[in-house]
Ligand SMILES: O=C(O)CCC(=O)C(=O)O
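Encoded as C-alpha cells, the following chain is the form predicted alone, with no partner shown.
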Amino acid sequence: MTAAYNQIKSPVWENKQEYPLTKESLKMLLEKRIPLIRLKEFATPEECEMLYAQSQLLNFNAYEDVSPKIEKVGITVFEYNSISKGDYFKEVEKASKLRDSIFAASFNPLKRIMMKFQECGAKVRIASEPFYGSYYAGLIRKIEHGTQTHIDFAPLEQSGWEVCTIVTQLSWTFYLKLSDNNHGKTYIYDRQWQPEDEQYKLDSYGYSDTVIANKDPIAFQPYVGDVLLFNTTNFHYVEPMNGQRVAFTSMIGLLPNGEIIFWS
C-alpha cells in the first residue's frame, strides 16, 4: 500500500478543461495533471442504438451492498473481492461469452478503445492472473439514481490481485442511451485519496463529504456516442438522472512497467 500511495501523490490540475485523446493528453491524465479526456463521436448513433438494443434483451443485476442502486451486466472484481478470486475467474468465461455475443450483434467498443490507446503509443492488454488467465472487461451499466462520493483504486480494494499492482487508475465510459434532461453529470474533484481518508468511509464504497470540503469540482455532461476518461483516484460522484443513463465501461490501470491493462 505504501508504494501505491507514494505513486498517487500528484500536483493539482493544471486547468479544469476537457482534452481530446492524444499521446500527450493521455500522459497528462495518467500523471493526474488534467481532469478528463473526451472522445467525441466515438461511435455512431446507429452503433449506440444497436448495442443498447442488445443490452435490453439481458437481465441487469444490482450491485450488492451499494446504495443508491447501480445495475449492470457483467462481473467485477469489486463484487468478488470479499468472496474469492477463484469464484471470479470461474465466471469470466461465461460473462465474456455473453459480452462477445452482444458485440457480434452490434460492434466491439472494447476493441475500439484499446486501438485508440495503441494509436497513442500505449501498450495495452486485458489484465491477467497467473494460474487463472484473463480478467473480464466491459460492463453495460445503469447509473440512474446517482452515486455516493467515492474513489476507485485497485491497490486499496483488491489486495492480492494483479490489478493491485497498478500505479494509477482510470475509467472509460461510453454512453449508449441518455434521457434528454441534462442530468446525470459526473462531478470530479481535484482531491485525491490519501490513507487518512479511510476514517471518512461510510460503507462498502462511499465517503463522507468531509473529504471534499472546500474543493471545487469539474462537472461533465455525458452525450450519446462520446467516451469520457478520468482518473478514478480523484473523489467523484454521479448526480441522479430522472430517466435513462446506460453506458459501457471498464477500469484501466497503468502498471510499473508502463503497460496499460483493462478489467472490470
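Residue positions are given as counts along the sequence shown, with the first one as 1. Quantities reported herein were computed from a predicted structural model and do not represent experimental measurements.
What follows is about the form predicted in complex with this ligand, which we do not show.
Shown alone, this chain has one stretch from 113 to 121, 131 to 139, 145 to 153, 89 to 97 that lies within 4.5 Å of this ligand in the predicted complex by heavy atoms: 145 to 153.
Checked against this ligand in the predicted complex, the candidates W193, Y175, F78, Y189 yield a single residue with a heavy atom inside 4.5 Å, and that residue is Y175. Between this ligand and the residues V66, L30, V211, V238, the one pair within 4.5 Å by heavy atoms in the predicted complex involves V238.
At least one heavy atom of T232 is located within 4.5 Å of this ligand in the predicted complex. Among residues of the shown chain, S171 is one whose heavy atoms approach this ligand to within 4.5 Å in the predicted complex. Contact between L228 and this ligand in the predicted complex is found at the 4.5 Å heavy atom cutoff.
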